[in-house]
Every structure is written in C-alpha cells, then in structure tokens.
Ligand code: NAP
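Have a look below at one chain only, the form predicted alone, in structure tokens format.
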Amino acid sequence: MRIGVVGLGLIGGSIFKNILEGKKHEVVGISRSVNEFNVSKDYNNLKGCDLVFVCTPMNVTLSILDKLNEYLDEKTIVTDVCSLKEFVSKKTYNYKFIPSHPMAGTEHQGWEYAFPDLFSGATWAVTLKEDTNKKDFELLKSIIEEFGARVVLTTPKEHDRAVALISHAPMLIAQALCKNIEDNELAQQLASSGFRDTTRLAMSNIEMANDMIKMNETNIKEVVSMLNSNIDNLYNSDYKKEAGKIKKFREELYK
C-alpha cells in the first residue's frame, strides 16, 4: 500500500516514522521544512496513494483538503487528524474523505519529537460520513490498528463535545492555574510535582491551542460552567464521601 502524510509535525511525523519503521507499506511525506528520505514539497508525489493522512494545523486543514482535489482521485482515501470534527465534515471532495482524530500527543511539537510508538495504546476517533464505504473504513481502521491504536466510532458533534470535556477545557484550566501564580513568588517556589502534572497541558502547542479555543468555544464554555457547578456541589456535599467516589472513578478510568 502507498500511504501519504501531509505535514510532518508531532502527529504526522510519528505516522510517517511508524510506517517507515514497519516496512509494510510505501510512505511519502509532504513538508515545507523536513528534509528526509521520501519527503518533498511536491504534492504530485501523492498521486497513486491509497491512503493520505492530512496532519496540518486546523487553521489550514480545509485549504489543504481543497488542494488535494487537484492531485487525488476517487480511488484515494483521505483522513485528517484535527482535534475538531464538525468543521471538516461539511464538504465533499473528489477523493474519499473519512474524518478522524488520534487521541495522542505530548507537550512537545515538531518532527524532532515525533516517534513511531506515539499511538501505541491510544484511542483514535473516526467519524464516518453518510457516503463512507464500509470497505474504505475497514482499510483505514486496519492501518490505525497497525499503529497500535484502537478505533472508536462517533459523530462529529459528539466528538467535539467530548474533547471539550477531556482536552480543550482542561488545557484552558491548566493555563488559568498558571496565571493564578504569576504574581505569587512563594507559590512558584513551593510548586512541585502535583502542580507540574496538573498544568502539563499549559505546555500545549500554541497554534493548536488557539485553534481549539477559538473553534470549540461554545462547548468549552459549557464545560467550564459545568465545572463551576461541580465545584459548588462538592463544597456543599459530604465532601469526604464524594471525594471517595471520585477517587474510585478515577482509578477505574485508568485501570
């Protein structure tokens, strides 16, 4: 199988390196900055690909998907890796487009931090379109599983709500927690592993973070409102009892 990867940052670079290491498929990369074997700036190299991963920042993904119309035909399956799915699911293209999103990453960014095992044990959301062929989905699923990830089917709307709960709002909260101690020197001196782990998401890629906040604003605001209500409820409850339930829930979640 011939697989193309457009954009070789952390996600795209990890996909590229995984395929290259696995040696099961031919892989070609499109990048403006990475100079490696089988990587170029020429989109013509994507012609003849069976599958193409678009791994560019969200704010340029739609333009890249449009551009691919010039180079790909109805035989090629294309997927993206954007952390939002509604905005990419509204158009049709010459090729077969199946939106998806790998739930994997680190606080780092760029080709140099990409590694083949990034997706090992991760979940990978796929949002099928009405015209998605089952055979095409199965092919995409098989490649994702080769990366070591597990496919979870959902809808674009449900996906964007869920990632606001588990990723986008937590990132915003982590940033706000950092701002809380900007003017407190003692808090900065005392901050240790607990604060470091709680605020790891504040180290997120700035461009990606900006896209998340601007493009998923409604869902994020609902999550923040829910958070405030849950904090109030905890204050006014039998806290020890509720904290015990939450601890058990957290243990089961990552068992």
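Owing to the predicted nature of the structure, the values given are computational and were not obtained by experimental measurement. Just count from 1 along the sequence shown to find any residue number.
Although not depicted, the form predicted together with this ligand is the subject of the following passage.
**Student:** Does this ligand come within 4.5 Å of any heavy atom of S83 in the predicted bound form?
**Tutor:** Yes.
**Student:** For L8, is any heavy atom within 4.5 Å of this ligand in the predicted bound form, or not?
**Tutor:** Close contact exists here: in the predicted bound form, L8 approaches this ligand to within 4.5 Å, heavy atoms only.
**Student:** How about T56: is it within 4.5 Å of this ligand in the predicted bound form, going by heavy atoms?
**Tutor:** Flag for T56 set to yes.
**Student:** Evaluate K221 for contact with this ligand in the predicted bound form, applying a 4.5 angstroms cut-off between non-hydrogen atoms, and reply yes or no.
**Tutor:** No, K221 stays farther than 4.5 Å from this ligand in the predicted bound form.
**Student:** Can all three of P99, V152 and P156 be found with a heavy atom no more than 4.5 Å from this ligand in the predicted bound form?
**Tutor:** Judged in the predicted bound form, none of P99, V152 and P156 sits within 4.5 Å of this ligand.
**Student:** Would you point out which of 176-184, 99-107, 139-147, 125-133 contains residues with a non-hydrogen atom within 4.5 Å of this ligand in the predicted bound form?
**Tutor:** Result of the contact check: 99-107.
**Student:** Tell me, which of N45, N205, T199, N38 has a heavy atom within 4.5 angstroms of this ligand in the predicted bound form?
**Tutor:** Looking at the other structure, the residue within range turns out to be N205.
**Student:** Work out which of L227, A191, V60, I213 lies within 4.5 Å of this ligand in the predicted bound form, going by heavy atoms.
**Tutor:** That would be V60.
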